Each structure stands twice: as C-alpha cells, then as structure tokens.
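Same chain, two forms, each on its own as structure tokens: structure 1, then structure 2.
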Structure 1
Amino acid sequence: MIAQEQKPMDEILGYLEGKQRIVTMGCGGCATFYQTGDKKAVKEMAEKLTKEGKDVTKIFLPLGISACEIDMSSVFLEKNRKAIEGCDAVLVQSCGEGVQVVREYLDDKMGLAKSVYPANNSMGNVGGGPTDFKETCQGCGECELGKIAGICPLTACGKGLMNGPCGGVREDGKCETDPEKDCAWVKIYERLEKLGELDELLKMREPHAWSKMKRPRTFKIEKPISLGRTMFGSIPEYVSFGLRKPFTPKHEEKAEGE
C-alpha cells in the first residue's frame, strides 16, 4: 500500500489562498486505510475549510474505490461535474498517484482546466501493519529476492547494496545511516545461517539492472479484471474473514499467557 499522511493544514490553506469554491475528494483505497482520505477525513477537511470561509463540495469514495483507478473514481467525478465546473480548486485526499490520475481525467476527459492540489504526502510502498509499516520493495521491475534470502537489499539496505554488508554496520547490528534501522545485510546473514545457505554469500551478485526503472514507467494488461472475478467469486472467503478472530501475533499471545 502507499503510505501517506496529511499535509500540515497551513500548507493546504496556502495552496487554496484566494480560491473560494473548493471540491475535496477522498479515496477508498490506501488513503482510507491510512485515514487520510476516508469519509471521516473528507468530512473533517470540509469542516476546516468551511471554517476558513470556503464553499466546499465533498466527494466520498467508498471502500474499494481508489482515486487512482480512474475507471471507478471517474464515476464520482462525472456525478459531481457541475460542482467541479464551478469550483476554483480541487483538493485530492489521496496519494500523489490519485491526485494526478484525477488531474489527468479533468484535463483530458472532462475538458476542465482546474487547479488540483494534494492534501497528503505519499511515502512509498509499504507493508506490515496493523500500526507499523515499512518499505521493503521499491518495485524495481527486476526482482532479486530469490537470490538474497528473501530480503531486498536494494530497499532495506541504506545503500541498496547487492553485495553487502558495508564497513559501517554498527556494533548492535544497526545501519550506518540510521541507528534505529536494522542493517539489512546482518539480517540476510542471519537468515542464510538459519537456512544453512551461507555459501550464497560467496557468490558475487551482478550489478542490478536498473533499465527496468526507466521513468516514468508505464504498465499494460490485456483486459481489466471483472467484478465477478474480484468480488463475487470470493464471497466464501469474505464470509470466513468476517468470522475471524481479531489478529494477535503468536508471540504476543504467549506473552499475555505468561
């Protein structure tokens, strides 16, 4: 998911200075998850802007409808065409992807030249949860995980080294660049040791092929996935998910029992 946090209100108000009629739009994807673009976040944003004397139109995107998936979010843009036509600025409460997909749709499909502003700062692709997340993959296009113990040093190592560790590992196994972060190569070493595959460390890894990272990257699939395939087909799994016990990691269970 794309990690994100809301920008300071001062910055947002700075963009909107001199603009009276504002459309603010949320996102039912990552931004809902990080509570930067869910219904509540959009309502709160609208309240703050109203307090500043603005006329605000809210566009909520329900869970599962991401701002960045134009095929779905455009339905809500079209529904609000009138408000958008009449507004001075559109604020998008999503990641930078969502902001630009919306901006492009307004420009190219709706023929509306509008100021579009981000409400959030996007901080990359992260995994984990429920409260702590970290970046472990930068989507480089040429995955090396199969060669390096399932830990991506391009992302987890402060220098992105393919043949680490560097000479700067701290005494407690933390990274030279940040005492709070683990050295990825110490982790790789420990994991290979457990797997009995330390000899992997003698293999030189060719320099990473960055040609797949030629920006801006584009991506095509043959046909879009159907609703049937995504949602309806998964009904039994949704049902069992609904019946689940709240998730507690094993070690915490134990700690509680002790």
Structure 2
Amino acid sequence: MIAQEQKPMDEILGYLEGKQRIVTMGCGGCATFYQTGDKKAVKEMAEKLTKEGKDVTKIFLPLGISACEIDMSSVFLEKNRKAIEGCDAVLVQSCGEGVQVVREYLDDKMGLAKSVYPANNSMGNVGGGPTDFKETCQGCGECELGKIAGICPLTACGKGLMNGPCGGVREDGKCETDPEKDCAWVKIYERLEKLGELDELLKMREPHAWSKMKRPRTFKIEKPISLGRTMFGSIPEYVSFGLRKPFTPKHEEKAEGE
C-alpha cells in the first residue's frame, strides 16, 4: 500500500486561499486504511473547511474503489459534475497518484479546467500492519529479491547499496547512518547462511537495470478485470476471512503461557 498522512491544515488552507466553493473527494483504497480519505476523514475535512467559510461538496468513495482507479472513481466524478463545474477547486484526499489521475480525468474527459490540490503526503510503498508499517518496496522495475534472500537493499539499506555493504558497517552489525538499524547486507548474509545459500554472494550479477526507473513509467493491460465477476468469485475468500480466528503471534502465546 501507499502510506500517507494528511498535510497540515495551514498548508491546505494556503492552497485554497481565495477559493470559495470546494469539492473534497476521498479514496476507498490506501487512504481509507490510513484514515486520510475514508468517509470520516472526508466529513472532518469538510467540517474544517466549512468553519473557514468555505462552501463544500463531499465525494465519498466506498471501500475498494480508489481515486486512482479512474474507471470506477469516474462514476462518482460524473455524478457530481454539476458541483465540480461550479467549484473553484478540487481537494483530493488520496495519494499523489489519485490526485493526478483525477486531474487528468477532469481535463481530458470532463473538459473542466479546475485547480486540483492534494490533502495528503504520500510516504511510499509499505507493508506490515495492522498499526505498524515500513517502506518495503521502491518499485524499481527490476526486482532483485530472488537473488538476495528476499531482502531489498534499496529500502532496507540506508544508502540503497545494491552490491554489498559499505565500509561503515558497525561492529555490532548496525548501519552507519542509523545505530538503531540493522545493516541490510548483514541481514542478507545471515539469511543466506540460514538457507545454506551463501554461494549466491559469489555469483556475478548483471548490473541493476535502472533504465526501468525512467519517468513517467507506463503500463498497458490487455484486458481489464471485470469488477463484478472478480468480486463474486472472491465471495468464498471473503467469507473465510470474516470467519477467521484471531491471530496471536507465537511469542505472545509463549508469554501468556509463562
């Protein structure tokens, strides 16, 4: 998911200075998980803007419909066309991708030139949960995890080194840039050792294909998914998920036993 946090209200109000009629739009994807674009967040934003004397129209996106998935989120934009036509600015409570996709749709499909502003700061691709997350993937376009024990040095290494540790690794295996952080390459070595695959470090590897980081990157899907068919086909998995037993990590089970 793309981690995000809401911008300071002063910054948001700075964007909207001199603009009276505001449309604020949420996101049913990542922003809902981070409570920056869910229904509650949109309502709270609208209340704050109203207190500042703004006239606000709210656009809610249900769980599972992200602002950046324009084939679905556009339904809600079109439904609120009249409000958007009459507004002075659109505030999008999503990651930067959602902001730009909405802006492009307004420009190219709806023919509306409107000021579009972000309500959130995107913090990168993260994994974890339910409350603690960390950046796990830089989206480099050339995944190397199969060669380095499933640990990505681009995000785990303080310097993003791809070919081994720097000369500043501490004696305790900590990172030169952060004494509280494990050196990514020490972790890679230790994991390969556990797997009995230290020979992987002796292999010559092709240079990382940084050309795949060129911007903006574009993708084409031959056949878009059918939302209805996909959701219907996933019903058994949704039911299993809903009926799941609460998960207790092993170290907590041991603590309770003690």
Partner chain sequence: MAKEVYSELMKEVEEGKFVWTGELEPEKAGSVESVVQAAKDLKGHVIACNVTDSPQSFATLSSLVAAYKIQEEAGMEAVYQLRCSDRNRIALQADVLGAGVMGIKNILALTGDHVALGDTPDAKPVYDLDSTTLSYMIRKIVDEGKDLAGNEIAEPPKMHIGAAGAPGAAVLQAEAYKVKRKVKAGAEFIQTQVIYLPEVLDNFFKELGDLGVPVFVGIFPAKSYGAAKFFDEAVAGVDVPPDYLKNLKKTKEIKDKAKRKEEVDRVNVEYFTGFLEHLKDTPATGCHMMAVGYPRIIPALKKVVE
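These numbers were taken from a predicted model, which means no experiment stands behind them. What we label the rigid core is the largest C-alpha set whose atoms superpose within 1.5 Å from one form to the other. Each residue is numbered by where it sits in the sequence of structure 1, with counting from 1.
By the stated condition, namely the form predicted alone, the second structure is the one that fits. Core-superposed comparison between structure 1 and structure 2: the Cα of E52 travels less than 2 Å.
The Cα shift for D71 between structure 1 and structure 2, taken after rigid core superposition, is smaller than 2 angstroms.
With the core held fixed between structure 1 and structure 2, R191 has its Cα displaced by under 2 Å. Summarising the core-aligned comparison between structure 1 and structure 2, the C-alpha atom of E206 is found to shift 3.5 Å.
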